[in-house]
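Here we start with a single chain on its own, the form predicted alone, put down as structure tokens.
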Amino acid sequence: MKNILLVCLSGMSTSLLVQKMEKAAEKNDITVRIWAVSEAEAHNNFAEADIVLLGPQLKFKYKEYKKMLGEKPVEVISIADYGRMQGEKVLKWALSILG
């Protein structure tokens, strides 16, 4: 099972995207754990995550997170996919990165 962590400023808007991603996973019979946290709580969740996806509002933190997490994939969700809550698209993108 893959573990996908979404991080945003408060964890609220990404929670909506998590719901869309979970529905897409269920629809496509994909076993995955997806959860969202605020930036303040993120460091307590990194060990459980296979990939960390940052909300577009945290794009400025990308290099910091990438350096902190080393080999673990860190990506910024596209603002278009985030704004449109494209759960299925974001899920497939994350899984493609994980291979």
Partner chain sequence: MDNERFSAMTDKFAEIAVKVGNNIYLRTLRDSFITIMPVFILAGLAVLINNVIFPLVSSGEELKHLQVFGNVLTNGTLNIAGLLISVMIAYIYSVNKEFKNPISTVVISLSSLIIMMSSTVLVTPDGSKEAVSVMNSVLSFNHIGTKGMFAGIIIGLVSSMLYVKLTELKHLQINMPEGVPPQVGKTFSVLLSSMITLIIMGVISAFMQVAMHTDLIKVISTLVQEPLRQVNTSLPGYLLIYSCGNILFSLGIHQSVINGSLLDPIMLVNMNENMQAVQAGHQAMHIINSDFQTCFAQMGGTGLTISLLLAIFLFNKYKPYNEVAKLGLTPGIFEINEPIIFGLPIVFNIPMMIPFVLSPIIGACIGYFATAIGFIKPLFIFVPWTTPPLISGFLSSGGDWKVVLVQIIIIAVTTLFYIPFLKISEKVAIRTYELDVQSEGKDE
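Positions refer to the first chain, counted from 1. Quick caveat: nothing in here was measured; it's all calculated off a predicted structure.
From this point on, the text means the form predicted in complex with its partner chain, which you will not see here.
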query	finding
Triple contact flag Lys66, Pro73 and Trp93 to its partner chain in the predicted bound form, non-hydrogen atom at 4.5 angstroms	no
Partner contact for His43 in the predicted bound form: its partner chain, 4.5 angstroms, heavy atom	yes
Any non-hydrogen atom of Lys23 within 4.5 angstroms of its partner chain in the predicted bound form	no
Asp50: touches its partner chain in the predicted bound form, heavy atom cutoff 4.5 angstroms	no
